[in-house]
Each structure stands twice: as C-alpha cells, then as structure tokens.
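A single chain comes next, written as structure tokens; it is the form predicted on its own.
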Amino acid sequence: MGSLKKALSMYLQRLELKNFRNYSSLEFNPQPGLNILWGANAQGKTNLLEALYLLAASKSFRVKSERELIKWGAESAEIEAQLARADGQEENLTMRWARNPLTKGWERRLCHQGQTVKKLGEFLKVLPLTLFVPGDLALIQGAPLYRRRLLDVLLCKLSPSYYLALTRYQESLRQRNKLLHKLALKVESPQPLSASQRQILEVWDLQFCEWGAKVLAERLRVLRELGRVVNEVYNFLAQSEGPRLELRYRGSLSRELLTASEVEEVALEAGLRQALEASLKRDLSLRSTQVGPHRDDFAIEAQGHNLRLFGSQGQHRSLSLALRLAEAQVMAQVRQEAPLLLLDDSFSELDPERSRLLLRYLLPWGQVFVTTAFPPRFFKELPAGQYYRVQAGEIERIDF
C-alpha cells in the first residue's frame, strides 16, 4: 500500500464560490492532509465536493441540469480554484455561468490559467481527483453503465488520447445507429443489404472498429492495474487475506482476445469487425448497434463467483470504496502525482472498525476532503486532521 502513496500530491490552495448552490460568496483555504467538513444535513458540505468535482469532470455527480447549481435569483455564478502541482507549478481553473440576455438561457465558460478552454479534453486533464459517494454501491450492484463510466473517467484523466478515441468512437456509433435506422425502414424484416447499402455502412464500420479498438485496448490495460491494486486496498480494509479478487472484462469479443497477456489493437479491431458482421441482422432489426465497447462491462469475481450476485451488502460497501481508492492509487502511479481524494458521508455506511481502518488509510494521503454529520469526537484519534464546521453556506475552522 505504501509505495504508491509516496507520489507527490497536488493541493487545493484556495476555492472560491459565487452564487453556487447555497453559497452566495465563499473563500475556502484548506490545509494539506485531511480536511474534515462537519455539519448537519443540507448545510453545504456536499456542495463543496460537487464544486471541486465539476472542475475535474465538467459535470455534476448529482444533477443533469446545470441550472440547479446556480443560487436561486442569481444572474451569474462561478467556481474558481487555485492549485499547486507536485512540481511547484500553480494552476488556476474556473467555471463560470452567465444568463444570456437574448435567449434567457445559461451559458457556461471553462477557463484554465485565465484563458478560455476550447477543447474539453484539455480541461479534464488538469485536476486529478477521485470521489466516493454513498451512491457508489451502484459500481457493484448497478447497471454496466456505472462500471464503464469508472473506466472512462479514469482514463480521460490519465490520457488525452483516450478522450479523443472515446469521443470519435461515440460519434461513429451515433452515425452508424442513425444509418441503421434509415436502412431498417427500407426492409420489412432483417435481410442482407444490397451492395450499395453495405458500402454506405462500411464507412462508419471502419471508424467504429478503429476507434473502438483503441478504447477497448486502454480499458483492458487499466482494468488489469485496477485489479492488482483493488486487492491490496480491499485486504487492508478487511484486515485479512481473503480470496483474490479478479476484475474480468466482459464484452462482445472472444474471451481469448479479452484475456490475452498482450493487448493488440490490430486483433481487437479485427474482432470488432467480426462481431459487427455477426450482429448485422440483429442491429437492423433493433435499429441500433448491439456490440462494442458501449455495451461492455466488467465483473468483480472471487473464486469464480460474481460478487454482484453473491456478495453481502457489507462486502459491496467495502468493494465500492476499495474500487474508488484503487482508482486514486492508479491515478497517482501513472501521473506520479496523488489526486485529491473526496469522500462524501462515507463513514455512515461503515461499521466502527472499518471506519477506523479507512481513517488510517487516509492519513498518509496528500490532500483529502471528508464530509460527515458525525461530531468531531468521532475523529479523536486523528490529531493531524483539520476540522471545519459547515453551516448555512458558511465555513468556520475549528481548532481543538
């Protein structure tokens, strides 16, 4: 566990909020190490984490409509963060919203070092961050979408080329599905396409397979590293050497391709082409692409059993937390810079012993933000932690 934690860390030096959620105006200067945000529910603890997450991922983890992020009655809003990198370089990230007086709609602007960012991928790579929320049980119990998203968000933080491949793949998928819908309308039942129709479809098939292979190759590589690290984290939280966990990728291609010791994009691309051909009639019937990385998943197994089906609720909580902490470890290893760790109300889901182990795990990390409704005496074993009371959109440092 200790080797990856030796990576230097990025630190949040200052966070400013204006008309964001229940904060009219806030300047927050957190400390390196563990920052504990304490207060009753609906006081603004999670809103702080949400603001940081927005600067890291450009999207909220709570709502789809950005209008909900802006304080009621305000005509503009802003999140600004001053960050210090491990190499001493300072970074400034800003997200601003303003109402367009003509359309009455909201417009958003992303800035890095004071300059407007034109490519989202450039913005996403700046702030390394891992967030754990109680809803992360969906990583274990939920639909494949949640597990795919974990891999995609992590890889976008690690590799700008992955963000490009993912967006190109998604565009080819969208265009292919649009074409399938048109072609399917011309036949009453799925039939082999004419030569001219196949030629049109081939244009998007080529791009789908090229970019899909790149997406798949990177997912397979990072999943192997996640699988190695998640065992260390889970065993630490459990304080035992349990059955080894296996993260197994499940997709449209053969098991041989997905479990090969060396990931070869050429082989993956050929496998995707075969899968598309085999699925053509079904694709036409359903008017959408039924194979490819957009439908893939991974399973967490122990001794051949899928823990989503056989694990207990307690195991699922520990597993979801271990996955997020492993995500942070992998990010630190690849970037040589430990990310910010954000844990929202994580202790309410853990028994006292697991809580103590989690606190032991967090103390050596670079910078951590924990929200809790538990009183400070719950953390009496942590003299290194800094406490803040969050109440009605204001933050007060508490010294003991």
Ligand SMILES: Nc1ncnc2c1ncn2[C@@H]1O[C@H](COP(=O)(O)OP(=O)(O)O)[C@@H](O)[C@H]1O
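Keep in mind that this is a model prediction, so the values were computed, not measured. All residue numbers are counted from 1 along the displayed sequence.
Although not depicted, the form predicted together with this ligand is the subject of the following passage.
K.L.:
Using a 4.5 Å heavy atom cut-off, which stretch among 308-316, 148-156, 70-78, 115-123 contacts this ligand in the predicted bound form?
P.N.:
It is 70-78 that comes within 4.5 Å of the partner.
K.L.:
Exactly one of Asn47, Gln333, Gln31, Ser60 has a non-hydrogen atom within 4.5 Å of this ligand in the predicted bound form; which residue is it?
P.N.:
By the 4.5 Å criterion, the partner-contacting residue is Asn47.
K.L.:
Could you confirm whether Gln43 comes within 4.5 Å of this ligand in the predicted bound form, counting heavy atoms only?
P.N.:
Answer yes; at least one heavy atom of Gln43 falls within 4.5 Å of this ligand in the predicted bound form.
K.L.:
Taking any heavy atom pair closer than or equal to 4.5 Å as contact, tell me whether Arg389 reaches this ligand in the predicted bound form.
P.N.:
Output for Arg389 is no: heavy atoms all beyond 4.5 Å of this ligand.
K.L.:
Is Arg21 near this ligand? Define near as a heavy atom within 4.5 Å, in the predicted bound form.
P.N.:
Within the cut-off, so yes.
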